[in-house]
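Shown next as structure tokens: one chain only, the form predicted on its own.
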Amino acid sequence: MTQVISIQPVTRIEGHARIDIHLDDAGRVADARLHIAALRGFEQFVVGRPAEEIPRIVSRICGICPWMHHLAAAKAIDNCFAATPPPAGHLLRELCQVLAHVHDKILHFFFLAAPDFLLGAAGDYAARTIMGLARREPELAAEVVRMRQLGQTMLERFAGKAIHPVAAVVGGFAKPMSEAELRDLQAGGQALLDFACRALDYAREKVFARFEDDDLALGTIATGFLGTVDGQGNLRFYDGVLRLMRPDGATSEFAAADYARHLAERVEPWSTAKMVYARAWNEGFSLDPEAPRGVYRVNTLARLNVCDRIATPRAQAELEAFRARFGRPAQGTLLAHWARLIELVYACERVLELLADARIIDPVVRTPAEPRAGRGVGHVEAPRGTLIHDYTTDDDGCITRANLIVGTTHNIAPMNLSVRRAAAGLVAEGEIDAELLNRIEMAVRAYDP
């Protein structure tokens, strides 16, 4: 007779989930699954709506990364209506997206993940929070809160809303940037970059230097990876082609509009969440940890693995040091936290690059567009991974079909593999304690689902 140990809810993630660990008669792990019960339903209830409303509607999918859904949808509707934004429109959209990455990465690393490392996985769960971190290191916690607030308020001051945005419109952006706004954002961007560099130095000393072999092995699996690069192989968040990397490091690229030829979706009977796999890798799907056919990961570690380089100096130096230590592709699940802070540095450097482009204050920020029948796919890199929005419109410009693949969807299968691997490595003869259960949760938190 098997025993089921449930971790419910999984804590310090951006949503709701449950882990079930199935033990056999000998107390060994027979299976472990991550159950996600949430049902969004946006693919159905946007049908029939005017396409220009969609970027405002789908931003409600997530209150943590609304800009990513807002912009992926805007890019998709651009393509439905054959409307190409002018250069300033593109730059302003990317600026908002990269700024949204900044505050999100600060949130995940310091508020959700860091308590495990700085306060200890075996510590009292009631104190293993951002408040516990604030009591232990008040100056650090205060700076973290200020910097996350700065990233949010920079978006709010310029784009009107930091949460549930409305600034991206079909064919471009709702308003141009003034020179006064530019100067204000440049000052804020420099402050964020200074903090990002300090945060990475701090984490390298206080967190990553303490990573032992057991930490790096926690929930580690061998999979492929998916992320976005430009034509030169540079890391990109807003625009580019999708690069799929096999577990052995071989890569292939495809346009987001062709995603259905390369990626396939399916639903398992024990989960309401779709799972995605690479069609070309043995044309199959398996959750067997020894043979994960078609399984790949997205998110911070995936993006650092698939890119050849990062086109900003500090982040590139950090990438080179990371690869010198862990190789390419790096497979350690907890390395996603290290990759997250390298991306934080990149995002801040990219903010300043975008603000230094003279075209960003061009008053022409939108191309006129007319409703028409068409199909459009838009994609961006959300903090959680590659985000794809796919819409079809009728002659009146209303939605007839919608398909969304969000970052966490790509990661459902690998998260299950990581949970099973972590549980199998930690549970012996049915012995369970609070620290052990939290370590299993840590394998999930690394994905920032």
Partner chain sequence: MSDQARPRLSCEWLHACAGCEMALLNCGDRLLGLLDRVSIVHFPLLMDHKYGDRAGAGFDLPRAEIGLVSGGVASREQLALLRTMRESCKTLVAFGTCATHGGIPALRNQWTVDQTLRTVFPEDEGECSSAFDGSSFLDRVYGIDEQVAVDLFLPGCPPRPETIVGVIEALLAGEQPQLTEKSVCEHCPTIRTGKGQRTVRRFLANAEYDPGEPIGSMRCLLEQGLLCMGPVTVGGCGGGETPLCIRARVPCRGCYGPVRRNGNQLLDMLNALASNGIDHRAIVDRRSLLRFSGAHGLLKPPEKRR
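Values in this document were obtained by computation on a predicted structure and should not be read as measured data. Positions refer to the first chain, counted from 1.
One more form of this protein, predicted in complex with the partner chain, exists but is not displayed; see below.
- Just one listed stretch, out of 418-426, 26-34, 53-61, 405-413, contacts the partner chain in the model of the complex at the 4.5 Å heavy atom level, and that stretch is 53-61.
- Proximity to the partner chain in the model of the complex, taken as a non-hydrogen atom within 4.5 angstroms, holds for one residue of Val229, Leu354, Val170, Leu319, which is Val170.
- When the partner chain is considered in the model of the complex, only one residue from Ala191, Ala373, Ala257, Ala264 comes within 4.5 Å through any heavy atom, namely Ala264.
- Every residue of the trio Arg135, Gly160 and Arg279 has some heavy atom no more than 4.5 Å from the partner chain in the model of the complex.
- Contact check for Val365: a non-hydrogen atom falls within 4.5 Å of the partner chain in the model of the complex.
- Residue contact check for Ala142: one or more of its heavy atoms lie within 4.5 Å of the partner chain in the model of the complex.
- Although the partner is absent here, Ser271 is a contact residue: one of its heavy atoms lies within 4.5 angstroms of the partner chain in the model of the complex.
- Taking the partner from elsewhere, Arg204 is found to have every heavy atom lying beyond 4.5 Å of the partner chain in the model of the complex.
- Residues Phe173, Ala174, Lys175, Pro176 are the members of 172-201 with a non-hydrogen atom no more than 4.5 angstroms from the partner chain in the model of the complex.
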